[in-house]
Structures are given as structure tokens and as C-alpha cells.
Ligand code: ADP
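Below, in C-alpha cells: the form predicted alone, a single chain.
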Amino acid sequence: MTKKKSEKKSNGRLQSDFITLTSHQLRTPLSGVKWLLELLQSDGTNLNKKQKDLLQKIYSSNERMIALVNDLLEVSRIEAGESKLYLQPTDLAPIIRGLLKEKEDQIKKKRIKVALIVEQEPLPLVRTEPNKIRQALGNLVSNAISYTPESGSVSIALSVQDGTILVSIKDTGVGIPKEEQKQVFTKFFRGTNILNFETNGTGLGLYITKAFVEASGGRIWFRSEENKGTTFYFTLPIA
């Protein structure tokens, strides 16, 4: 290894260690703030509507910070080769149904039509780590709903294909500009056209999603057209 490569590797490790240390230091106070906010919300009998609304906004902001810290820690583990998946037989259909249930309020508020199409039930199990693939699916489902305008549609399909389960998540959202599509799975990428549409987001979700899918022996890709929508696809081997 040349001196230049060695220095680059050392600098990368220092950067990763810094992110890990900083993230761990942030988690404790953020978790404390979350606990206090939940306590205030549960015992908010003396609060007026404006105060309750402010509490909810603070809680939402704190949740976004916690999500960012968790994503940074996950990225740090991936880059250090420490994000190993404990593969086990997993049913994807109930995971997706659970995610859609969590997003129910947002779906209703935006009047988005959501369809889940499962080719056969019971669907063959795949080999992955349930928590990790739930996070990956959560990123894709959340993006599809967030970046689809009101009265749009999101369609999720699960099917068997050549010894794998193929998952597709299609939306009628803002799409990804053609000149930016090569950057989609890179860290901190956010399309220029979505910054005005949805300001929240870390730009790390798709990077993490790709890492989890590939660590499960699958692959991920997408098709997108600006102002018409995006479809993400990924496969996972059948257990």
C-alpha cells in the first residue's frame, strides 16, 4: 500500500470514528428530550391548543434529529464493514402492511390511493434480517408517499421471479431528474426538484437501503421520469 493510499484510509477511518463518537454523544440528550416531551404530551391537561401544537412540532423536530443520528451511525457501521445482517427466513408482506398502517394518517391527509398486490399468499419467505429490511422498505415506502402530490397513487407489488421475491414500489410523484439519476444511491443525495417539495430528509436512506438489500444477497434498481413518477425494484433470494 502506498503512503498516499495509507493516509487516505487513515483519514477515512478518523472521519468514521468522529461520526460514530459524535452520534453516540448526541443520542443520549436527544432520547432524554424525547422522553420529556412524551411526558409533557401525556400530562398536557393544562395546556392550550397552541401549546400542544408547539409541543408536537418540537417532538417532530427531535424525531428527525434522532433519525439523522441513527442513519449516520448506520452509515458508519456500513463503511467500517460492521453492519452484518443475521439472515433468517422472513415474510415481507406483513412488514409492508405494518409500514402502510403507520403511514395511514399521512396517506389519508394527502388522499393518496395505495395498492398492495401480493402475487400469492402465503408468499415464499426470503433470507434477510427482518429489522434491517423493514428499515429499507420503510425508506422506500416513506419516499413514495412523501414525494407523491395530493391525490396521487402508490402501488406496491410482491411477486416470485427466478428463485427470488421481486418487490416494486411505484409512485406518481415528482420523479428524479435524468442528469441526477446516477447519484441516487450515494450518501446525502437529494434531488434538486424535491428540495422545494419536501424539505425534510437526510439523503442517507437509499444508500442504507442498497447496502441492506445487497447484504441479503439481493439487488436494487429503479426507473424514473421527472414529473411522472418513480418505481424502485429490488429482489431478495427465497429462503
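Predicted model only: the values in this text are computed from it and were never measured. Throughout, we count residues from 1 along the sequence that is shown.
Below: the form predicted together with ligand ADP, not depicted.
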* Pick from 210-218, 182-190, 33-41, 58-66: which stretch has non-hydrogen atoms within 4.5 Å of ligand ADP in the model of the complex? -> 182-190
* Is residue 202 one of the residues lying within 4.5 Å of ligand ADP in the model of the complex, judged by heavy atom distances? -> yes
* Asked: Is residue 232 close enough to touch ligand ADP in the model of the complex, meaning at least one heavy atom pair within 4.5 Å?
  -> yes
* So in the model of the complex, does any heavy atom of residue 164 sit within 4.5 Å of ligand ADP? -> no
* To do: Please run the contact check for residue 155 against ligand ADP in the model of the complex: heavy atoms, 4.5 angstroms, yes or no?
  => no
* **Sequence-ordered residues of 163-195 touching ligand ADP in the model of the complex, heavy atom within 4.5 Å** => 171, 174, 175, 176, 189, 190, 191, 194
